[in-house]
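Next up: just one chain, as structure tokens, the form predicted on its own.
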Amino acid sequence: MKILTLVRQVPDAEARVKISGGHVDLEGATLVIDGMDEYGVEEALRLRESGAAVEEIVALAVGPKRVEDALRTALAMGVDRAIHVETEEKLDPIALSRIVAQVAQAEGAGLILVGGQEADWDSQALGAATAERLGWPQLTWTNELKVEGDALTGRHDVDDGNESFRATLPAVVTTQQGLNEPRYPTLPNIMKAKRKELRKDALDTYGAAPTVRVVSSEIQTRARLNKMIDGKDPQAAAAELLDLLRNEAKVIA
């Protein structure tokens, strides 16, 4: 079985971003692998290490030249080879799913691992759209995963808690925090990653085009209320705080 794992490159959680010309400007920002995608890379490696019949692990990234850095990190973690569909075009999850599905078919992948929610689009659509294109089952928000022959078993989160599942491969799985703890690449593996295959493909090869275009962006800010609460009467102060949070800050219902 081949495993295809998607890698997205996004700003670090502590990075400061700015808007230029109505769009997010990432110049100078610290960029990393999307955290949820990193769980997918780690899980692919752990499935192979657990004894599952994993023939090869392939990382896929779609984006500008700088995305190579994220793929090199995945290779240093232990992925066998990488595919980079290089483009400056900003693809939404539905357009991106077209590429993921085509690569999976061309590579003969039996399992696709993608992050449960992309940080750049703040969307959960990629896994579902990819599964729909391929006609494969989809398991979302997994926190435990095992391969048993041609079946996939594990547990995943649902609205009322979590439940066990069993599905026949091939399948699409979305990953999340709690599934594993991603490893740090070691220096020897970082050096080995430089010699691993990183194939470049053109976007035209896959016939994908954005279905959604970003016309402008803005950074949301919330002004401080600077409300002072008199604490002489604790009960009255608590009631006033609750009223402010509910009716002015609107952070509770």
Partner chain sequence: MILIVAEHSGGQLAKSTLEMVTAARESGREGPITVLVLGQGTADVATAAAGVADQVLVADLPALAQYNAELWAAATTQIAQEGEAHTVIIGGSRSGREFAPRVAVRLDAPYLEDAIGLKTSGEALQAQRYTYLARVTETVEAEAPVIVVSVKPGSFAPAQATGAAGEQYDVELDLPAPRVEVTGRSVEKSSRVALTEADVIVSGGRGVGSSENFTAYVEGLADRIGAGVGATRAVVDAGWRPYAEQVGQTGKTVQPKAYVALGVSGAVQHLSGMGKSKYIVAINKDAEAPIFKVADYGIVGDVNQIVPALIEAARK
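Rigid core here is just the name for the largest C-alpha set that superposes within 1.5 Å across the two forms. Here the structure is a predicted model, which is why all the values come from computation and not from measurement. Positions refer to the first chain, counted from 1.
Keep in mind that the form predicted together with the partner chain is missing from the display, and what follows is about it.
Trainee: Using a 4.5 Å heavy atom cut-off, state whether M228 contacts the partner chain in the model of the complex.
Mentor: So M228 counts as contacting the partner chain.
Trainee: Is D159 close to the partner chain in the model of the complex, meaning a heavy atom pair under 4.5 Å apart or at it?
Mentor: Yes, D159 is a contact residue.
Trainee: Would you check, heavy atoms only and a 4.5 Å threshold, whether L26 touches the partner chain in the model of the complex?
Mentor: Yes - in the model of the complex, heavy atoms of L26 and the partner chain come within 4.5 Å of each other.
Trainee: Counting only non-hydrogen atoms and a 4.5 angstroms cut-off, does T205 reach the partner chain in the model of the complex?
Mentor: Because no heavy atom of T205 falls inside 4.5 Å of the partner chain in the model of the complex, the answer is no.
Trainee: Mind telling me which stretch in 81-89, 112-120, 99-107, 68-76 gets its heavy atoms within 4.5 Å of the partner chain in the model of the complex?
Mentor: Partner-contacting stretch among the options: 112-120.
Trainee: From first to last in sequence, which residues of 123-147 have any non-hydrogen atom within 4.5 angstroms of the partner chain in the model of the complex?
Mentor: Read in sequence order, the residues that approach the partner chain (within 4.5 Å, in the model of the complex) are S123, Q124, A125, A128, A129, A131, E132, R133, G135, W136, P137, Q138, L139, T140, W141.
Trainee: After a core superposition, would you say W141 shifts its C-alpha by at least 2 Å between this form and the one not shown?
Mentor: It does not reach a 2 Å shift.
Trainee: On a core-based superposition, does E132 travel 2 Å or more at its Cα between this form and the one not shown?
Mentor: Result for E132: no, shift under 2 Å.
Trainee: Inspect the rigid-core superposition and answer whether the C-alpha of A95 shifts by 2 angstroms or more between this form and the one not shown.
Mentor: A95 C-alpha, core-superposed: shift of less than 2 Å.
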